[in-house]
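Just the one chain here, laid out as structure tokens, in the form predicted on its own.
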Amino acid sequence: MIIAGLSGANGLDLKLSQLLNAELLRVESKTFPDGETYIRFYGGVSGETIVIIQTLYPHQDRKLFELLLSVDTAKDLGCKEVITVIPYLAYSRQDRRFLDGEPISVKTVLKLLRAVGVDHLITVDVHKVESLRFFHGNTVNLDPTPLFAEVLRNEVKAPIVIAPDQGALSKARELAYLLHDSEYVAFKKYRDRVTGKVVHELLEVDFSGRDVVIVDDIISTGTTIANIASYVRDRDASKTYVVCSHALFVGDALTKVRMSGVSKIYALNTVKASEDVEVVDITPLILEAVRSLTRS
């Protein structure tokens, strides 16, 4: 087995190769003056199972094309099979047509990956697991909830787990169960598909003296999380924690969340983390998934 980390591997390639005692293949990646992408493998892959790791943020389009080039090249060079690990799958939130004439972007991405030769696809907390049906091959989606529960279990007291919307309700339910069968609730969120404006229907829950854990898969602008954190702070919550799989934190999002009264933010290393975020390592789950695929 060979591990190949591209420009978005975020150190996961080195960790995985060490845990598997597998060769770490050097891959050169650069951008030509005209903006085109170049990659090169420094080492042979013929007859080998190759694990290619690439997160798709930031610079989603460039990282996606770099990944497509790498998979196609590995197949051309005679590899046995390609296992692709995408810790953050860009375009996953556009998983249906919200307005007439829109693409289903995640379908396009997954069809491209299959077309160039990905045999097995590993994702981490993809926005909707159902969207992986667009990849006509073997898929594994990793659930990080047990990792978050492990770091929170001895830190939070009498917690209430909050889902920012109904889509995150199952995450909140699972995390609450792992936190000594705690209480969980969900806000209702309404988004104007044209303007993007979001309105939350707030909850009549007694947060006084309770720790609050807000759980979500992706934090982008941070507005939703900040609004909820401010809401529970004004209702005398003790401490507020945020856990998310993919901490994108676009622009001033991190500052916005911090200013709302959040005590700690936990996020996976699926993308490069900001300094003010507690990182939870996803490598152990990737290791289990790769081992299970190579044993089968």
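Each residue number is its position in the shown sequence, starting from 1. These numbers were taken from a predicted model, which means no experiment stands behind them.
FYI, the form predicted together with a further copy of the same chain isn't displayed, but the following is about it.
Looking at 136, 97, 180, 188, which is the one with a non-hydrogen atom within 4.5 Å of a further copy of the same chain in the model of the complex? Of the candidates 136, 97, 180, 188, 97 is the one lying within 4.5 Å of a further copy of the same chain in the model of the complex.
Listed residue (238, 29, 49, 60) with a non-hydrogen atom within 4.5 angstroms of a further copy of the same chain in the model of the complex: So the residue touching a further copy of the same chain in the model of the complex, by this definition, is 60.
I need the one stretch from 122 to 130, 180 to 188, 151 to 159, 73 to 81 whose residues put non-hydrogen atoms within 4.5 angstroms of a further copy of the same chain in the model of the complex. Answer to the contact question: 73 to 81.
Does a further copy of the same chain come within 4.5 Å of any heavy atom of residue 103 in the model of the complex? Within the cut-off, so yes.
Do residue 108 and a further copy of the same chain come within 4.5 Å of each other in the model of the complex, heavy atoms counted? Although a further copy of the same chain is absent here, residue 108 would touch it in the model of the complex, with heavy atoms inside 4.5 Å.
Report yes if any heavy atom of residue 205 sits within 4.5 Å of a heavy atom of a further copy of the same chain in the model of the complex; otherwise report no. Although a further copy of the same chain is absent here, residue 205 would stay clear of it in the model of the complex, with no heavy atoms inside 4.5 Å.
Partner contact for residue 250 in the model of the complex: a further copy of the same chain, 4.5 angstroms, heavy atom: Residue 250 belongs to the contact set for a further copy of the same chain.
Residues from 32 to 61 in contact with a further copy of the same chain (non-hydrogen atom within 4.5 Å) in the model of the complex: Heavy-atom contacts to a further copy of the same chain in the model of the complex: 33, 34, 35, 36, 37, 38, 39, 40, 41, 57, 60, 61.
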